Ligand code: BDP
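In the form predicted alone, a lone chain appears below as structure tokens.
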């Protein structure tokens, strides 16, 4: 049934009666989102659709399909964008790095001082050049803007207030070689193969000692009940990217393409605002439930960062100047 629904929804261009005062027809485009209704990126998707419809005077309508209705995995939506079966998708920067390797650099652990530092990088020449490179890569993708996904932090069954506290801890991770190496360098053991819906039970049963993620996931999945210590180390900040299909955009009027790009840029601030609100709500809920939030001093964060030298040498090879430029941004 899901495949049938997807097939029916993947028709990106449909002529509809015009809105009053609009043009002779409306072009309907589809946007795929794996996050649920009410999630910050989903709210931004709807804001994007609203702005585009308003500023094109009804010439373009964007239908948002959230919760993985069309594609349960972001890689699937990327493939659909490439062949023009889908117009837009909100995805993590991680899979897009396959086409623009420099995007791997902005995901290095302990790279940013804080959120403001990351946004100075992403909205400055470095981040905007990477966004432009997505289309220049010949991937068939067009990078419209970045969205926030917050910082990922460790949450565990015992306090982690210094790097030595990581020794021997079994930490659930996404299937990412760099992240596994990161935990190993901190003295722990990275565990993959555990789905997000299985983290709570894995911690409760002692299979793992904790995991890592952002505030909303920690709260919404209920993991805080099993791992009541949340350490604000902010080891990675992986942004989201709103992508467009180059093949679909080429069917549109150039003026409308510019409107689409402008509207996408405008939704970034809205998404960041929604993300910050969601983070605060999640934090308040888990703290009220008795979670201990551990804020590491700058000197301790520096000790975590020092352990990452082998990762920077391996994954940053050939990008040393870029890494230094990122580190120096805003100083």
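Quick caveat: nothing in here was measured; it's all calculated off a predicted structure. If you superpose the two forms and keep the largest set of C-alpha atoms that fall within 1.5 Å, you have the rigid core. Numbering follows the first chain given and starts at 1.
Unshown form predicted in complex with ligand BDP; subsequent notes refer to it.
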Of the options 263, 296, 62, 34, which one has a non-hydrogen atom that comes within 4.5 Å of ligand BDP in the predicted bound form?
-> 34
Among 217, 176, 82, 128, just one has a heavy atom within 4.5 Å of ligand BDP in the predicted bound form, namely 217
Option from 119-127, 177-185, 88-96, 246-254 whose residues, in the predicted bound form, bring a heavy atom within 4.5 Å of ligand BDP = 88-96
Taking 74, 152 and 172 as the candidate spot, are all three within 4.5 angstroms of ligand BDP in the predicted bound form by heavy atoms?
-> yes
Tell me, yes or no, whether residue 213 is in contact with ligand BDP in the predicted bound form, where a contact means a heavy atom of each within 4.5 Å.
-> yes
With the cut-off set at 4.5 Å between non-hydrogen atoms, does residue 196 touch ligand BDP in the predicted bound form?
-> yes
Mark residue 165 yes when one of its heavy atoms lies within 4.5 Å of a heavy atom of ligand BDP in the predicted bound form, and no otherwise.
-> no
Report whether the minimum heavy atom distance between residue 209 and ligand BDP in the predicted bound form is within 4.5 Å.
-> no
Check each residue of 233-258 against ligand BDP in the predicted bound form and list those with a heavy atom within 4.5 Å, in sequence order.
-> 240
Core-aligned, does residue 212 move its Cα 2 Å or more between the shown form and the other one?
-> yes
C-alpha of residue 172 off by 2 Å or more between the shown form and the other one on rigid core | yes
Could you check whether the CA atom of residue 257 moves 2 Å or more between the shown form and the other one, using the rigid core for the fit?
-> no
